[in-house]
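First, one chain by itself: the form predicted alone, in structure tokens.
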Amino acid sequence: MNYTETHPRKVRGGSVHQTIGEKMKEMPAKTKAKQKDRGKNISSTAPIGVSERRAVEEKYLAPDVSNFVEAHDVKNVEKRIKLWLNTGYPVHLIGPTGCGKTSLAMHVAKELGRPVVWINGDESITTTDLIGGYSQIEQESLRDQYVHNVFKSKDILKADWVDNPLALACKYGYTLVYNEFSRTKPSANNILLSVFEEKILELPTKFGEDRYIKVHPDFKAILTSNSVEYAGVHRPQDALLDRLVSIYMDYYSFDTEVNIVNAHTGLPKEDARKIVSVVRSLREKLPDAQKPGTRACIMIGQGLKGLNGQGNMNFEQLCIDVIATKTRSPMDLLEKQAFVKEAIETLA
């Protein structure tokens, strides 16, 4: 008697016997891929490919720094940052709002020649936001009906881990820029203690052998913070501060600020000097947390450029509009208006 591969009789709408080819066609695509991987002896922990890494990096794009001014006082701080980074220490830039901390941090990070990942700290940041976590639990079901009267069921639960910026930087040797570091609650930043000291990143919520990551030798970190007198700022724990090199930044010199305004707005140097003079005059009279920074100079310059030279009254109002962002009451606003008017009259 000749053997036939498929029995002509049907059971529950399907053939009693199936060839290997027919079974593979009915098998889910993911199960097929797994079986092929087993045949090739591919480990699920194989290193991530170049194309996959690029796709991951694109999710954490760092802001571009344009019109960066390489003035003498800027270069001095830049050299200090690079010195400590190359020595192996993370650098913590501390200074008032708008003094150029973030721009300088991004500029130095890009010059190091490694990919840059970015974290922007705030009150809601948790350890998971820094290191990553399980994004989803995937369930696969396999039903094997090779023999018509035998039913085999198998459920597979697979947890997918997704790395966040800190884990990516530690694993692949990227440069981490942690902006507004002190606005994150200290408990979320405890994970940095072992990273900076023992060069080990622990992933507390991860299962198995991959719970610990040895920090890549090219990993570097630049953190930026406002001074402690600013609202919404947490004082970092002493144990973490002991592992950082802190560089205090202040506002740049008059000439440097003029060059920055000129580079960002395209205004003539004469107009840029006028703006910087008014803003620096206000800094001398306002409390630290209300002092306008270089960013305020740029904003006024952009507004002035949009006016197309329509007069001094408009310039005065532009200055008041920008300075008023840190106003607490109508009386406070009147005081600032008087300061602006006095500063402009002094220039006349």
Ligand SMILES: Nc1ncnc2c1ncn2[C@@H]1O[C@H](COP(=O)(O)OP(=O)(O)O)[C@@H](O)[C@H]1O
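Treat the numbers as computed from the prediction; the structure is a model and nothing was measured. Sequential numbering from 1, following the sequence displayed.
One more form of this protein should be noted, the form predicted together with this ligand, which is absent from this view; the next part is about it.
A.B. asks: Taking this ligand in the predicted complex as the reference, which of I260, A109, V278, L192 has a non-hydrogen atom within 4.5 Å?
C.D. replies: Partner contact (heavy atom, 4.5 Å) among the options: I260.
A.B. asks: With this ligand left out of view, which of V233, A188, V74, I213 would have a heavy atom within 4.5 Å of it in the predicted complex?
C.D. replies: If I apply the 4.5 Å criterion carefully, the residue I get is V74.
A.B. asks: Three residues, G100, Y252 and R295; all within 4.5 Å of this ligand in the predicted complex via heavy atoms?
C.D. replies: Checking in the predicted complex: G100, Y252 and R295 are all within 4.5 Å of this ligand.
A.B. asks: Would K220 count as touching this ligand in the predicted complex under a 4.5 Å heavy atom rule?
C.D. replies: Contact with this ligand, no.
A.B. asks: Within 4.5 Å, heavy atoms only: does H264 come near this ligand in the predicted complex?
C.D. replies: Judged by the heavy-atom cut-off of 4.5 Å, H264 is in contact with this ligand in the predicted complex.
A.B. asks: Can you work out whether V69 and this ligand are in contact in the predicted complex, taking contact to mean some heavy atom pair no more than 4.5 Å apart?
C.D. replies: Yes, contact at 4.5 Å.
A.B. asks: Are any of the heavy atoms in P96 no more than 4.5 Å from a heavy atom of this ligand in the predicted complex?
C.D. replies: It does: once this ligand is placed as it appears in the predicted complex, P96 has a heavy atom within 4.5 Å of it.
A.B. asks: Please identify, from 252 to 260, 83 to 91, 109 to 117, 235 to 243, the stretch that has a heavy atom within 4.5 Å of this ligand in the predicted complex.
C.D. replies: This holds for exactly one stretch, 252 to 260.
A.B. asks: What residues in 162 to 200 sit within 4.5 Å of this ligand in the predicted complex, counting heavy atoms only?
C.D. replies: Contacting residues: none.
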